[in-house]
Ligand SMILES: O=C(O)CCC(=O)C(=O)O
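Here you get one chain, nothing else, as structure tokens; it is the form predicted alone.
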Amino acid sequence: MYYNASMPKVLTKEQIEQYHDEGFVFPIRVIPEDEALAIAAKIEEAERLYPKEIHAESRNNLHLSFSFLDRLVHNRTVVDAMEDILGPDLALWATVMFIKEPSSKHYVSWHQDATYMGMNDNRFATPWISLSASNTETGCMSMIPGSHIQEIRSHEDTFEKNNILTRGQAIMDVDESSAVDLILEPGEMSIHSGTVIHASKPNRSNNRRVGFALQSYMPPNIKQVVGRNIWTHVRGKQRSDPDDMTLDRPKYDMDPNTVAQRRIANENLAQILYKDSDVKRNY
């Protein structure tokens, strides 16, 4: 049963219905374009200053290391939109920075996020914030409308080197004829369901494509059943299960407290995502 906001804070009732009917909604303006591009520049600066903390194989949970990304996690527009869909009590499981370098072969295969996330329920939502232009040239996401209503489909672990998913997991028989391209300007976001089928093609442009996935915001009834319950509290009633670990917010970039917590969260995340797999990548 989905949360039904009688007075939505950010999304229109039509957008909420679209999310429930199609499994995604876009575009939603979060921050001005110049601010988004400035954040993308900060990411590049962080890569230069802290190459061991952020690089191509270390892009999970960067909101724990960098306060400018933590602010996006708690951005009022983002969180209000999540409340419109999921209700007032919200925690965040993890974040992932999806970067495609210019003219690279990296892509994302057709998949459903919930496949390996190890939750007891799949009713959660992921905002994906574009920090650059995300279009068919740069390799934007494409989604299959209505595919979120079905159960989790069978995925094959390919570990294909250019597939930037952890296991290269892929649904092999997707009818792409109805796919919708989620074209976003810098500073806009999409929101998609944990069960909608989606993918993205390589970046054929001369510019970097940067997307920040907040994967995912969850109401309190959803819990991790494969690994530890490690959460960033976002809004409303805080989770109180004694086995839960509540992550702190960084007070500044590279706050040693949250950098250490990031290592714990990432180790837990890897154990969950690679469960029952004989192969493990470095991310």
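Numbering starts at 1 and runs along the sequence shown. Predicted, not measured: the structure shown is a model, and the values here were computed from it.
Form predicted in complex with this ligand: not shown, discussed below.
Residue 167: touches this ligand in the model of the complex, heavy atom cutoff 4.5 angstroms: No - in the model of the complex, heavy atoms of residue 167 and this ligand never come within 4.5 Å of each other.
Close approach of residue 128 to this ligand in the model of the complex, 4.5 Å, heavy atom: Taking the distances in the model of the complex, the answer for residue 128 is yes, it comes within 4.5 Å of this ligand.
4.5 angstroms heavy atom contact with this ligand in the model of the complex for residue 213: The answer is yes: residue 213 has a heavy atom within 4.5 Å of this ligand.
Contact of residue 192 with this ligand in the model of the complex (heavy atom, 4.5 Å): Residue 192: yes, in contact with this ligand in the model of the complex.
Stretch in contact, per heavy atom within 4.5 angstroms of this ligand in the model of the complex, of 172-180, 73-81, 146-154, 107-115: It is the stretch 107-115.
Contact assignment for this ligand in the model of the complex, among 91, 141, 94, 184, heavy atom within 4.5 Å: Filtering the options by heavy-atom distance leaves 141.
Stretch 181-207 - residues with a heavy atom within 4.5 Å of this ligand in the model of the complex: 192, 198, 200, in sequence order.
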